[in-house]
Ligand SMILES: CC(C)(COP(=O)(O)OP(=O)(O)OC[C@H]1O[C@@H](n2cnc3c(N)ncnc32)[C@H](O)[C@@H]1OP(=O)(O)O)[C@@H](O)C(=O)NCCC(=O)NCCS
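Here we start with a single chain on its own, the form predicted on its own, put down as structure tokens.
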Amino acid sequence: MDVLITPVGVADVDSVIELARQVWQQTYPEIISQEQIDYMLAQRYSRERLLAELGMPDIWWDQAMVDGHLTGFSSCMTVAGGSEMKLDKLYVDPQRQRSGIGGRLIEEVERHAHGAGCRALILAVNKRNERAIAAYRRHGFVVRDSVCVDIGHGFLMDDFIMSKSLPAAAAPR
């Protein structure tokens, strides 16, 4: 399977939003309420928000394409004064999960992190999302913290913060 990783462009935004909805509806109903799913999708995946983020220099959006079809996407940003890269979003089409696409997207995030001079990757994952936690562990992430964040409208994110140290980039020869 040939996976092509490219930056998300303006023309790709609607497809990303649709894939996010598909993945969330298959992943989260056993973890959080439908009301919270709807709230978080509206909050995080509005067309306006994605278009704004595509124009920000410290946020990267990438997509994974297989045979010309969107199969996954990621979003990352620098945090902690630029010393860390936060993997903010990573989703793969449920029909294509466990096929290496998520790993390819993580590799691309690592490239962004190296380019930005970051020393670590971090992410937040719901404590009950066991499949995602296991996948992140396979890619070298460890639990660094446990948080419960009020995101408004009576909803909480009960997450683990996971991190992965990055080796220093090799000096150019």
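Start at 1 and count along the sequence shown; that's the residue number. Only a predicted model underlies this, so the values are computations on that prediction, with no experimental measurement involved.
Only in words, not in the display: the form predicted in complex with the ligand, which the text now covers.
Shown without its partner, this chain lists 65, 54, 125, 40 as candidates; in the model of the complex, only 125 has a non-hydrogen atom within 4.5 angstroms of the ligand. Contact annotation for the candidate site: 79, 113 and 118 all lie away from the ligand in the model of the complex (no heavy atom within 4.5 Å). Of the candidate stretches 141-149, 32-40, 127-135, 55-63, only 127-135 has residues with heavy atoms within 4.5 Å of the ligand in the model of the complex. At least one heavy atom of residue 97 is located within 4.5 Å of the ligand in the model of the complex.
In the model of the complex, the ligand sits beyond 4.5 Å of every heavy atom of residue 16.
Shown here without the ligand, the chain has 90, 91, 92 in 62-93 lying with a heavy atom within 4.5 Å of that partner in the model of the complex.
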